[in-house]
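Shown here is one chain on its own, the form predicted on its own, set out as C-alpha cells.
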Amino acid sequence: MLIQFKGFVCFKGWYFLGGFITKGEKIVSLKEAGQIIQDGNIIAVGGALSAREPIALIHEIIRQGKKNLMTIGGAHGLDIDLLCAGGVVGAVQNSFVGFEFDFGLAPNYRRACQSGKVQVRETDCNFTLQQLRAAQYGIPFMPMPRVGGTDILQLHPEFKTITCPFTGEKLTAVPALKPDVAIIHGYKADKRGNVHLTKPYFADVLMATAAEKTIVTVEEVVSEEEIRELGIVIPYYEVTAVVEVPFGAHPTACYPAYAYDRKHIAKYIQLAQEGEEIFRREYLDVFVYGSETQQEYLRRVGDEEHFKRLRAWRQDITSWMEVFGE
C-alpha cells in the first residue's frame, strides 16, 4: 500500500524522505534535515521569545547558505535575529522580534531591516494565526472580526473586507499562509516522529499541522512506550523528520530540561550591538560556521559546570537565581 503525506512516501513500512530511505523511522542527521529546506521557502519557526527555539537547526540552515527564506510566526527573538545575521532571510512576517525587557531590541534584525536586506511584512499574532489556521483547514481564507483603527489593511492589499452571508456583518478575510516547512524544537520524540512538547506549546502544533513539511529537533529520542506515557502532542503523520539534538534550543530555554542561558545571550547581544563585521567574526565564525557539530558548539559555549547550572534551575530558589543572575 502506497501512502504519501507530509513530504514523504510510505510503502510497506519503508519511508522515502527526499533522498533518504528509512525503515519505519524518521531519524535524520542535522545536515540531512537542513537539506529539506530549499531556497525561497516559507519557514514557520516554532517556540517564542527566549523559549524552545530550534537554534541548532538554524545554525545548520546558515551553514548550508540558504537564500531568500521567509520566516513567519509570533513573538520571537534570537532565532530570527540570528537568521538575519546569517544572511539567509529575505522577508520576515513575525509579530515581534526582540529580547524583551532583559536586553531590548534585536540588533541584527533591526540592521537588516533598516538596510533593506530584509523585507518586513507587518503583522500581528492574530493575523498570522488565522492565516495558518486557514492553511491547516485546507481552505483559501479565514474570516475574522473586521479590522479597524489601523493601517494594516493598506499594508496588506490581499486582505479583503467581506460580508457575512448569515448576519450581514462586515468581516476581514485573510488568505491562507501555508509554510513550506515548520521547524520546531521539542522535548522528546520517538523514532516514528511522535513528539511530546511541554507547555506552553505556543503556535507549534498549528504550524506543524499547517505546513507542507515539519522538521522536529528534540532533546532525546525515546521509546514509543515512553512517548505514549508522556503524551503525544504532535502525531507522527504530521512530522517529516526528527533529529536528536541535546541542548538543541540553546541559548533559549527548553523547559523542564534547562533554562535559557542569560550569560551567553548577553554576550550575543554585546557582539551584535558592536556591528555586522564584529558579530560575524566573533560570533558567527566561532559558534556557527566554526562549530559544525552540536558537540563542538556546546564545547565552545562552556564547560560541564556551565550546563549543569542551566539544568539545575528548578532545584531550588538559589539555583534559579544563580542561573538568571549571571
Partner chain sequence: MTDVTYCTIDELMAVCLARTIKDHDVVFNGVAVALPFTAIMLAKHTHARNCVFLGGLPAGVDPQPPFLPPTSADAVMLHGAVTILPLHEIFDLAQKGKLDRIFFGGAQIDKYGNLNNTLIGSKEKIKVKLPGGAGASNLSCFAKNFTVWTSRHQVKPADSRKNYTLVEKVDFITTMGHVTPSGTRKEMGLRGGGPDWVITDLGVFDFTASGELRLKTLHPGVTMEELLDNTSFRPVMAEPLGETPLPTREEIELIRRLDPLNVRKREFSASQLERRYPVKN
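Quick caveat: nothing in here was measured; it's all calculated off a predicted structure. Numbering follows the first chain given and starts at 1.
Only in words, not in the display: the form predicted in complex with the partner chain, which the text now covers.
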Contact with the partner chain in the predicted complex, heavy atom within 4.5 Å, among 257, 56, 301, 51 goes to 51
Of 88, 206, 134, 227, the only residue with a heavy atom within 4.5 Å of the partner chain in the predicted complex is 206
Looking in the predicted complex, any heavy atom of residue 130 within 4.5 Å of the partner chain?
yes
Inset, instruction - Consider residue 202 of the chain shown here, and say whether it contacts the partner chain in the predicted complex, taking contact as heavy atoms within 4.5 Å. - result: yes
Given that the partner is absent here, does residue 146 sit within 4.5 Å of the partner chain in the predicted complex, heavy atoms only?
yes
Would you please decide whether residue 97 lies within 4.5 angstroms of the partner chain in the predicted complex, comparing each non-hydrogen atom pair? yes
In contact with the partner chain in the predicted complex (heavy atoms, 4.5 Å), from 113-121, 187-195, 231-239, 218-226, is stretch 113-121
Across 55-90, the residues having a non-hydrogen atom within 4.5 Å of the partner chain in the predicted complex turn out to be 75
